[in-house]
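Next up, structure tokens for two forms of one chain, structure 1 and then structure 2.
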Structure 1
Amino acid sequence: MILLLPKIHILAVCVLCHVSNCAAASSSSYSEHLDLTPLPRNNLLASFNFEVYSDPAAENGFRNDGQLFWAHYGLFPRSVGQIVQSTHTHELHLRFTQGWWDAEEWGLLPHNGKYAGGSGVEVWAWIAGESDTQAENRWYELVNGLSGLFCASLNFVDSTRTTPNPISFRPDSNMRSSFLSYPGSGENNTASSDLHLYHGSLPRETVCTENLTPFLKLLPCKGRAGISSLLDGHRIFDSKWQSMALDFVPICDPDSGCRLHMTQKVDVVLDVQRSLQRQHSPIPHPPPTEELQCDRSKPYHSESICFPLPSPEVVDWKLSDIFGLKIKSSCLVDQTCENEASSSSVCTHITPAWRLSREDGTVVSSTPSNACFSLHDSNEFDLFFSTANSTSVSQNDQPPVYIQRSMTGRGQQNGGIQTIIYNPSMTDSVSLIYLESLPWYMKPYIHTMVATLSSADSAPPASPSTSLEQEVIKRTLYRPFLERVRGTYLELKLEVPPESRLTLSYDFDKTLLYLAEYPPDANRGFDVPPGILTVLTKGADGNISYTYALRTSSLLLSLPTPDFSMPYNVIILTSTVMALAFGTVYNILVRRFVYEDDLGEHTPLLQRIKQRIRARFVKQKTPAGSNKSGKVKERTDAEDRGRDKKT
């Protein structure tokens, strides 16, 4: 009986720990969802959505009343929580984007562009600070922490790549009611601090597996189970377009305190035929004749002549063929708890021309439009897609606006930028905010900005009027550059009439950089961050909301580039001149010049050596007395030769 007491105590402790763990799991929540949407030309849009809500009892050390308490991390990643806590970050938005979104073929951006960024890496955040200097220092501390966490070059976001307080961004939370206080900071943020918005981008950054791996490590299952198990770097980065997003937003309530909400999204457009070809034949080779799908509308079509279709209409593939593996069950935080707070599902958005079936052969429906599957009741999950008409896809809405930006001019001294904004609507005008952040080595002339307006099917007028610019450009925010300190900030509020095309253009000068400021591949050019276009919509209550956002493509700027072999040539030439000068001066100072006659009779080196050896042997054989007389004789002979020379 005495021996059983320790076991009973251990069992009681285990039961209490189990109950507390279940309570902790139920207090915080995690959900994951996957949306699959076929696109034209046999492309597939896969949208991964992961959401984590922290404990409403002020988990992670955040409260809105400024009180201190014991910080505890459950499902919410501690690495992100500590960074935002130490830097007093109120909201954080991070984007990794690569590729080009074809708006004319694919329609609207996923989530109306809210979670899409420009090419490379883009980050913006609201940071609390009593002064601009304090908030800016915390911003640099934040980007340095994110740089180490996500293996990115965000530490290069300095003052030249930072734009403060642009109006193109709005917070997702209520700034006053959700104002966070940070324990141990010694500040009462709600009373004395203000929120400062900072935005930075690195268009040159290449998104790769090094960024995806730490992105998955933030998830509860860390990419080993659930829909995140499909995120293989070899498949994701072989796509036409992909975007990774991370948003940190607090949701505070006066009664229950703050609840942290972190959203992670991965949107990727995959080429189905390319993925299938790589799955079945890693080495590319032409398809057999019997597998060719020909365009029978061509007049020269026959049994021996085939014009292949750009994309086959009859397709048959499964989810594991596209991503390389099946979904490994669901990401259950704790399967032993009865009230599981996580959810996992897969949804498809297809037309009746498609046929869906499960891995066991069960047909979902002959005419599904929005079929969803739960992953709680299966160990592995796979879906089969088949259709005889792959061109039948769900119609995506048309974007409210199109934009394109290009570089103009020629030469290495100056250039220009032209931006074309097109409103396809035939009835409604569109209100926009256009943001451009230019590097300091581009010196724009705002007085050269020209705004021209034309209809969709006509050329722009040759001479724009001032009244037209005032009608289209409602507001201009401009901050000039400071050389090697900050870049140019230009933000315009525009109004584009229905079915019209607005063209904005201005000139700029190029700067000659120092030698150390050029990158290793300077002849490739310098990347200019993409422009950000935000669509504004006025509601019935008069409030203005940001309904759609998109980015232009980044530009490649060619600056005057010196010949980098010249420093090497200068070093070699200088070293040669210095060696010649030093050698000449040294010879003049050290060497002694005499007449040849003063040197006496010249004896070859070999003969002198023989004479010395012979004299040594003679010295050993000659007695002491004779040696003395010999020395006297030699001295006498030397004196005689000296007299002869004098005479």
Structure 2
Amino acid sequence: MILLLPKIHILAVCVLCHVSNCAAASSSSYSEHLDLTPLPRNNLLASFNFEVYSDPAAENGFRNDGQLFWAHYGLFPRSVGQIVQSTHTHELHLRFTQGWWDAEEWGLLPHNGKYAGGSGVEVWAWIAGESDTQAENRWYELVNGLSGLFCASLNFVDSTRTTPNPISFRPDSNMRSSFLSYPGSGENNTASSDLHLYHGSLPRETVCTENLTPFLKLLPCKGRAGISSLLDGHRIFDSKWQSMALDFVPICDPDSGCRLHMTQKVDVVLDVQRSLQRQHSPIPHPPPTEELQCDRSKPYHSESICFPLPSPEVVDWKLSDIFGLKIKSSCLVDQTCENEASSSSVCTHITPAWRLSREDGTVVSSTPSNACFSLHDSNEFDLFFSTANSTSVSQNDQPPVYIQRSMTGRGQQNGGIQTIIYNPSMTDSVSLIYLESLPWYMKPYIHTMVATLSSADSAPPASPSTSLEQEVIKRTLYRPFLERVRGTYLELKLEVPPESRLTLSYDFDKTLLYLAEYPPDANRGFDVPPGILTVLTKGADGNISYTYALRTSSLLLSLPTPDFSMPYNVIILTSTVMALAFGTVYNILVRRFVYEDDLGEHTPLLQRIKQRIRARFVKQKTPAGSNKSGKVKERTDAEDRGRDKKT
């Protein structure tokens, strides 16, 4: 009802159809594709798409235990293939994301959010296992393998960061397909019941060039040719939002058997002005007066006063300005395929206000505003974009839902989480699944969860009522945290009426950690993984499909910290106080009481101490011993003897 497939997709699908037809003859196939879409305020969305298929399973061998086993990967990267095979992974999704997608300006996420992760690293996989423990151990094996492969801290995805079997995800492949069956297994295939879904996220992970390099290494041309040669870490990570995705899905069809399919995508929103400025002046400095673009509508505008326009409207740039590089030839690997053109192409999605031209000056007519170029020669490829009105961009659809999550409260003892979900549609209500996985040191109180619904015109929220909660929250899946073992898992099935704002809020407590559990910069805070919102759409045939996915931003949780320099002091001081109590009680319990009078001659304590000090002092001063000091000593000795006798 809400979602139209964006134009990007239609083309990608066509490329796919073609590839599969073409590849029927060949063993494995590869295609790459770049979509360039200018966004408002001089931003550019570049979507890189790389797809690779392995050799069909029919041409491969089987292991003794019957597990599918690929002997020949073809163009499919062996490194990923082996990790996935050895951990019995049936489907793997890996996301590296950074930045913030401005949904109000830019509209729908690329590919309907299917390939966009939450900030940091996100990974989920379907893993076969006879038991939960077996599958879980394979999952840790998998993330450790991926950690080495992608230079990411994925090995920190432990039980506290793993969410088992959330309903927010569905497999892309048909799990009941013949992929899992092997000769002799018969038709009764119950293997899908043994598949376990695990989801893990590392919101704190900084995605950087060390993740991009291994990512590109998986491609047949390894980033040296074809559109992947544009992917330079300096430009990709200097962006407003970027997401790298790696999806591994087995594709099975009855005719050609099963093949491994891997999709790698890089979606990046670049600030064109920033990139251009970087090109001609790497060190930022204010532009000269004549280059300033002023808002002439301001009443105070004059020769000397300029209110700068948010972004220049007349722009003129080329692809190599933005990425710092030109596309180096094409990555034509599928030589046997006759029509190579669609396996490597660049497409633009612009409005008629834009003028597109090639390096040699040929103007490309842009009707119907989507121009595609195939890369099939060994020449370098560049593309010139110019327009007199950069605000004219192809209209991106409004997302079906907006979400915003924030932390409330003050202090480091407790707080609250508030999530606002807004359905902008005038007519249709939207059904959603909202997944939140919180770290264990955040202790939510689910009984404090309040759902309030307000209409879009910022009317005061209606008072919470149980009936409302039942109306909005269709289903709650909840698993409380367990200290140092697992985090909180909360999944809600929601129904947001049209043009209204749903506010969910609940309280949580913060807790102290052991000293060694704090990261080196403990006062920065702890990252809470993004919430995941999935939009459900009921098709005409009654099937519910997951049509759109989006993430909230991650949250920064500040926990109380101890004094990190204190371990010895605390151990010593606490032990002293305990010893004081113990010593005193022990003393009182075991020693005998006597009347003071029975002690004989009693010298007050102060006087005794004085005498002793004097005795020592005098003795030291005159080692030979004077008459006087000898007397004192004698006396103290006699006193000691007397006391001994009494005890």
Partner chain sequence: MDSRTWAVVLAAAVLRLSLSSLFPVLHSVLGQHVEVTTSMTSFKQLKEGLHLYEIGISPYDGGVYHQAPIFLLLFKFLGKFGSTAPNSLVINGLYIFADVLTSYFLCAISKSPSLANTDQLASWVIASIYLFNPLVITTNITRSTAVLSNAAMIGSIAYACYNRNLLSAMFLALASHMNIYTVYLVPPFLLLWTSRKGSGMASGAMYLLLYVALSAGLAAIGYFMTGSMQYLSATYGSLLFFEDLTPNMGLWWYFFMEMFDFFRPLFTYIFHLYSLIYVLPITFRLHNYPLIAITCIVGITTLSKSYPELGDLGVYVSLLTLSRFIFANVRYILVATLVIIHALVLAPSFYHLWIYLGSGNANFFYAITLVYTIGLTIIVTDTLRATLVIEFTGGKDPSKAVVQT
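Residue positions are counted from 1 along structure 1's sequence. Just so you know, these numbers come straight off a predicted model, no measurement behind them. Heads up, when I say rigid core I mean the largest set of C-alphas that superpose within 1.5 Å between the two forms.
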Note to self: form predicted together with its partner chain is structure 2
With the core lined up, does the C-alpha of Ile544 move 2 Å or more between the two structures?
no
Q: Determine whether the C-alpha of His301 shifts by 2 Å or more between the two structures once the rigid core is superposed.
A: yes
Superpose on the rigid core, then tell me if the C-alpha of Asn523 is displaced by 2 angstroms or more between the two structures.
no
Superposed on the core, the Cα displacement of Ser565 between the two structures in Å comes to 3.1
